[in-house]
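Here's a solo chain for you in structure tokens, the form predicted on its own.
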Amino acid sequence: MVPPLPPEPEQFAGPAWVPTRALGRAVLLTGLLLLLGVALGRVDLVLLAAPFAIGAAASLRRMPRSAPELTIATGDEHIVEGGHVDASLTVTNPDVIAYDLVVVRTRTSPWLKLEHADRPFAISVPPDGWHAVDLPGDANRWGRQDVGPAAARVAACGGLLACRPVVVPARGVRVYPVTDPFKATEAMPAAAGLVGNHRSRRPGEGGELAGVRPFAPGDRLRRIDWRVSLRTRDLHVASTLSDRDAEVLLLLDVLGEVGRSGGVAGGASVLDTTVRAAAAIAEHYLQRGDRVSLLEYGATARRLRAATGRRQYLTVLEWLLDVRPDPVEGDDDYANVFGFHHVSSDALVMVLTPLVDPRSADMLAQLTRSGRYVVAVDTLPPDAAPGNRGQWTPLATRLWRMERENVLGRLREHGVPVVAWAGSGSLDLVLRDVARLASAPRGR
């Protein structure tokens, strides 16, 4: 039998309160005056040291025994770009003596414009009390922004004792993207489910009239068309098209970032446009009862399964907070490696891409060849251009734009509709053409 191991000795933790330089100077001066007074036989030096000794003893008669507590509060957890943020720092004093001076400082995300967050605060906290420092401000960009980390340094006993710095980790603030207005009035190219608001090409129970046909066993009596039946002297029923839901796959191209983000009130980068457009499209189709899924075209290929309802919309917003540039290095054939076997053949695939990386164009061509219904949404900012690095930069920019226009033209020739994102109604024309092509008979 193996004997149990002896318990490990507990690591020694230093005291929370340590003497300050002021206490060291008081002790040094008092000792020096007493030593000189005794050595030289001078009473005046002893009397001169008495105030320092008495003052230090009076201040240290009641010493703090526990460290202060520092907490970060961020208020409302559901904040939209441009919304108000109510952050605060709270210092709690669990001791029975007052804190003479508390210096609090915190770091914040550059996209959270909090008042006075860039300078330290000096406050005092009463015994067994607390003091809060309010940091109101605005959230200027979507994402998971941080308030903190924060640190507090406390002095007590007349400044003779100081607490070791109390540091607390950052508190995250979820800032959801503002949804650009988007409404697509055109029909979906295909629908698969049994619920929803879109017209299906399959007969069934619904509100869209498909035609009149002779009565057959199993037809409901309320479907009998009496006007046609009386005219033909045979029973006829009105057949309808079933109302079905559609699946919308939002494919986000995150191979790179182009442009500089200026927040909700400034310029938009590619990721800004991509995330805000995805949120708007998902909100629109989820409100109509359709199923929405999301997929990243990047190294990790994050995926959100298809679902419907209000809960799925909140999940989509939460998923979009983690969108980051996810480049793929050293793989020129990534479009074939990525694979689209998990993409439904009846799903409407809306690809949000800046079409800067050549692999994005290959991915669109592969999706179209596989028979999917594809719509490419161009998310490149209109004023996107590289920084001026010399006299040849304007010429290089023109050549790059010409090459990109050639890529767009080749995609359109191969049946890939490409449309720039412009908010409400910008995809209606493309969706109408896709629905028209989907309704046409397919060759075998």
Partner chain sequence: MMAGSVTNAVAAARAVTARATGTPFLVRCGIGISGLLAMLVAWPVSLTGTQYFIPLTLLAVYPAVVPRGRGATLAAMVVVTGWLVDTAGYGASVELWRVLSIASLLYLGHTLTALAAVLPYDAVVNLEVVGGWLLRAAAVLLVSAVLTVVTLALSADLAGGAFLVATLLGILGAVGATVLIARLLRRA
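By rigid core we mean the largest C-alpha set that fits within 1.5 Å across both forms. It should be emphasised that the depicted structure is a prediction, and the values quoted were computed from it without experimental measurement. Positions refer to the first chain, counted from 1.
This next part talks about the form predicted in complex with its partner chain, which is not shown.
**Student:** Taking Pro110, Val292 and Asp322 as the candidate spot, are all three within 4.5 angstroms of its partner chain in the predicted bound form by heavy atoms?
**Tutor:** No: none of Pro110, Val292 and Asp322 comes within 4.5 Å of its partner chain in the predicted bound form.
**Student:** At the 4.5 Å heavy atom threshold, is Leu399 in contact with its partner chain in the predicted bound form?
**Tutor:** No, Leu399 stays farther than 4.5 Å from its partner chain in the predicted bound form.
**Student:** Just checking whether Ser124 would be counted as a contact of its partner chain in the predicted bound form - the rule being heavy atoms within 4.5 angstroms.
**Tutor:** Answer yes; at least one heavy atom of Ser124 falls within 4.5 Å of its partner chain in the predicted bound form.
**Student:** Please tell me whether any heavy atom belonging to His414 falls inside 4.5 Å of a heavy atom of its partner chain, as the geometry stands in the predicted bound form.
**Tutor:** It does not: once its partner chain is placed as it appears in the predicted bound form, His414 has no heavy atom within 4.5 Å of it.
**Student:** Check whether Gly309 has any heavy atom within 4.5 Å of a heavy atom of its partner chain in the predicted bound form, and answer yes or no.
**Tutor:** No, Gly309 is distant from the partner.
**Student:** Sort through Leu380, Val418, Leu70, Ala56 and report the residue having a heavy atom within 4.5 Å of its partner chain in the predicted bound form.
**Tutor:** Only one listed residue qualifies here, and that residue is Ala56.
**Student:** Its partner chain isn't shown here, but in the predicted bound form which of Val228, Ala151, Val80, Leu101 has a heavy atom within 4.5 Å of it?
**Tutor:** The residue in contact is Leu101.
**Student:** Could you tell me which of 41-49, 406-414, 391-399, 371-379 sits within 4.5 Å of its partner chain in the predicted bound form, going by non-hydrogen atoms?
**Tutor:** Correct option: 41-49.
**Student:** Output the sequence-ordered list of residues from 19-39 with at least one heavy atom within 4.5 Å of its partner chain in the predicted bound form.
**Tutor:** Residues within 4.5 Å: Arg21, Ala22, Leu23, Arg25, Ala26, Val27, Leu28, Leu29, Leu32, Leu33, Leu34, Leu36, Gly37, Val38.
**Student:** Note yes or no: does the Cα of Ala49 move by 2 Å or more between the shown form and the other one after the core is superposed?
**Tutor:** After core superposition, the C-alpha of Ala49 moves 2 Å or more between the shown form and the other one.
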